[in-house]
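Consider the single chain below, provided in structure tokens and representing the form predicted alone.
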């Protein structure tokens, strides 16, 4: 351990530029939650435009400026900015930093019995590079050209000629660099710093999920970082990596070198962005596994099957990316290959989901607040997965591509799915971080409001999509088929605003419980994994004595132990 740990650090080194994985995990968590709130707010503004197009909202003109909302009437260009930045913020600044940077940084070293991450200064750098990327992204709203308006996918040639995209690309380079720094650190830490006796098949499933996620980040992000640099050169240095010859904009032929290929960007982007889906979902599955085992009071069913399925899922995620590109005319042979791999990748997801459902069978379930979120994750993720199958088949994808059906599918994976798991994780590990429990009544109020209104938001989108309503319209009522389902759009918007209200109990609960929550000991849930062997909150170095592991991660209700659980560090009798 560093000599700096041996004496009291000042405020800045202890809480701001800290190299302690726990402080960095808290920094990631708070920052990501704030970004999620901001990104969600952008969506609520978009939903008003979609529900009531042409309606003036005068007070928003004061907030966003007359240039974006003259007289309170939203311009299409500003709607595009909100859409592009909502997607970017929620995925790259919200969910991934919370799932990996927040939960991974705080919990993973504790679960493997490590005193810290393998490279503490690299860990600190990863957070600050992420923070800088977020500042650049949000700061782009205040630039004369405004924020990015070419979608969160930044497809050229539109993204090469649209204003606002340069700041987006710079921000992405910083965010990708942060993920690369973090992923290397996670892999080395898990492989090298495990406690004595903690073999790979004694690792909690959450650690396995973080390990596979780290490999996905390490292998998938470099192609997008390279693509981002190339697109920056197209915008700033006159190159044409993604700009085709003879491009006509506003009846003018662009004076460019030409011979670039816009499809090259799509290949590089989706080679990251499909593994990115599993970067979102795997940590969530890891969190759900921990909560399920603890609250069913029995071992996870099929632990080894879960591990092998997760590894296979990570491998397969690299050979399915072009199912996002069926509409590009790739040819029947390539389409057949990618739709086949897409069907195959659903198998490990089903194995993981099935094992978790079977774990509930015959259990004495404790319906704690974390458990409610974990149980809700299962059907929500199942809906997201099942609705993705038609998008993985060329015949049906032709009709559903770029409609609201795609939005409904993806959001069921990420919002009612992943976010439910992340909320459950916050309630579950909150007493480890603070030494206090969150309020049970407010937690259940938050859960039911979130579960109900998330479904109100996203379920109508499947019907809108099957009605061929495009996801990119800022006013769908200009088309007759859009008018037919406008009532669904209004219902979805009201669901979004009610979902925002449902987060108020969580915000109150989160901050009030830090100071006034019920004080608890080091293991309030009677859990078996190593993080609960450390004091709450853990001191510098995490453990009072170096832990030694004697058993698997989920020895609940063993017949020889009258306490009902055997922690991993409990020596056999």
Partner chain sequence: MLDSLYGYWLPPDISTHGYQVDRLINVIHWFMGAIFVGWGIFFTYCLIRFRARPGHRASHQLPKAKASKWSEVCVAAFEAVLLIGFSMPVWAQIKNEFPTEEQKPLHLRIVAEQFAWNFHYPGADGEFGRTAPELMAADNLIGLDYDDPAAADDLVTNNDLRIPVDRPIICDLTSKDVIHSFWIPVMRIKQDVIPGMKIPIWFQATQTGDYQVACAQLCGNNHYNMKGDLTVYSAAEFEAWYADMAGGDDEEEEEEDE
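Numbering follows the first chain given and starts at 1. Computed from a predicted structure; not experimentally measured.
The form predicted together with its partner chain is left out here; the points below concern that form.
Within this chain, residue 479 lines the site of its partner chain in the model of the complex, having a heavy atom no more than 4.5 Å away. Its partner chain is not drawn, but in the model of the complex it has no heavy atom within 4.5 Å of residue 18.
Its partner chain in the model of the complex comes within 4.5 Å of a heavy atom belonging to residue 157. Using a 4.5 angstroms threshold between heavy atoms, residue 89 stays clear of its partner chain in the model of the complex. Stretch-level contact analysis of 499-507, 433-441, 392-400, 201-209 against its partner chain in the model of the complex, using heavy atoms and a 4.5 Å limit, identifies 392-400. 161 is the sole member of 451, 138, 161, 490 with a non-hydrogen atom lying within 4.5 angstroms of its partner chain in the model of the complex. Contact annotation: of the candidates 132, 466, 273, 307, the single residue with a non-hydrogen atom within 4.5 angstroms of its partner chain in the model of the complex is 466. Residues 38, 57 and 126 are none of them found to lie within 4.5 Å of its partner chain in the model of the complex, as judged by heavy atom distances. Counting a residue when any of its non-hydrogen atoms is within 4.5 Å of its partner chain in the model of the complex, the hits in 222-251 run 244, 246, 247, 248, 249, 251.
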